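Take a look at this one chain, the form predicted alone, written out in structure tokens.
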Amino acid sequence: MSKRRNWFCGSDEHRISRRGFLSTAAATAGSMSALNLLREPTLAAELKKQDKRVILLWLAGGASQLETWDPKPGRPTGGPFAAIPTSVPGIHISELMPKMAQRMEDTAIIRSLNTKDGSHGGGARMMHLGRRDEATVKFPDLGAVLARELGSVDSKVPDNVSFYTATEGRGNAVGQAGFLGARYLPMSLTTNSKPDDLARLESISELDHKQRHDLRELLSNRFIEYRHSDSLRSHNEAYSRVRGLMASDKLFDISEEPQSIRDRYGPSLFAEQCLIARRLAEAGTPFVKVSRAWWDSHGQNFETHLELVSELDHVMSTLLDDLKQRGLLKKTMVITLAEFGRTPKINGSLGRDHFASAWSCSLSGCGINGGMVYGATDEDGQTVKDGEIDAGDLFATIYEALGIDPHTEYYVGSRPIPLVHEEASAVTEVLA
């Protein structure tokens, strides 16, 4: 299998004129300073009409590809678990994922990641940014880009939410808006599943709260009536957005869900946060990351994965079912990703170590050609033998599937910076 280097998949949905985009961008470049977001307004509006979302299941610490998407049963590196057939003939995954095995039609497995960074910090940054920062440029992470590309200025819900309530590896869970600015940083939840200080104070009634808002708006509108100032308008937008975010408080409260739905997801923290992620996606939040730690199994790898993969299998399959039944899966992409995989070699502690040379991830739902496997590793999983891709190629694939040209260029000062590194291209076989 060879990797194709096409920028567009050819579908109407993805047919975006890069030449037209750049032409418009070049015409306006001279009037912009600092960060210039060279956008064709009609293009941006069209993308947002498509109403796409992403839920990233971040498997912090590095999940084993051999105990999930790329099993090697019967080989010295294979470990004790078998491979089982899936609902798609010819595709086998670990026996630890029987529920996902019956739901492969909406999922594409990529088995050929070679990201060349086996450190927690460096690998996590790579798989959040799609590239390495430069000395003079801090790049936005996936959530910030999607908040910018798919979110709305006047949105009543948060557009970038990150759950990381474990302590292990939290410092590696990059939340970086880079040159896009703080507006696109995630709402980071690190101590519980609900934002602190988001709800209206009990001492202020809803009527009082509304009247205060109306008075502030009246005075503000009078003040700016004969003035032309972007900063003043931004100030008003910020107030409007805060009220919207306060109104979204209930999205984080799963007690609003029927008990039957809560039971389907299960009682674990990961399950509950995935249910909140579905509620946020349903309400219009473009990007939600739910982190599950800690997969760093240098010892007792198989016991660790028996517990964590079983939970992932149940929660992920429930999430996909829930999205599908609500008609949301076609516009919501679900990603499983980590900073790297685990070594095929089993060490003396019955563990697997860090491994970034030949590992796997999965993409489900929006824009994805489900029921397929892209790329392959050798019989022991030591190297990629077909379809090798890097982090930039993966990000380009994600952007293309969402209808975003991965070679869209932002400008930082006078420098054009594409969403992915210059050599990256989407894996067209994975795109619907």
Partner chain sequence: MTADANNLKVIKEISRRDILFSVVALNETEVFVGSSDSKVHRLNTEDDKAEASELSGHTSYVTGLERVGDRLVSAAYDGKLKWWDLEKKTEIRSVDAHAKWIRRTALSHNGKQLATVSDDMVCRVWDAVNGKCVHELKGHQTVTPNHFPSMLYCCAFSQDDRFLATADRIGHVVVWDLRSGKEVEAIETPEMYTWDPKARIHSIGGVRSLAFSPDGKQLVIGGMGHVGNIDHLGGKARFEIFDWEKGELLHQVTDDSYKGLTERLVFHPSGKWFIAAGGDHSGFVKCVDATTGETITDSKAPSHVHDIRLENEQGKLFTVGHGKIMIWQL
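Positions refer to the first chain, counted from 1. What you see is a predicted model, and the numbers here were worked out from it, not measured in a lab.
We do not show the form predicted together with its partner chain, though everything after this point is about it.
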Checklist entry - Within 4.5 Å of its partner chain in the predicted complex, do G79, A166 and S297 each have at least one heavy atom? => result yes
Checklist entry - Is G348 close enough to touch its partner chain in the predicted complex, meaning at least one heavy atom pair within 4.5 Å? => result yes
Checklist entry - Given that the partner is absent here, does S248 sit within 4.5 Å of its partner chain in the predicted complex, heavy atoms only? => result no
Next on the checklist: Residue-level question: is S119 within 4.5 Å of its partner chain in the predicted complex, judged on heavy atoms?
Outcome noted: no
Checklist entry - Given that the partner is absent here, does A293 sit within 4.5 Å of its partner chain in the predicted complex, heavy atoms only? => result yes
Checklist entry - With its partner chain left out of view, which of D321, D253, E105, E307 would have a heavy atom within 4.5 Å of it in the predicted complex? => result E307
Next on the checklist: Give me the residue from L219, A283, L269, V153 that has a heavy atom within 4.5 Å of its partner chain in the predicted complex.
Outcome noted: L269
Checklist entry - Hey, of 129-137, 171-179, 153-161, 348-356, which bit sits against its partner chain in the predicted complex at 4.5 Å between non-hydrogen atoms? => result 348-356
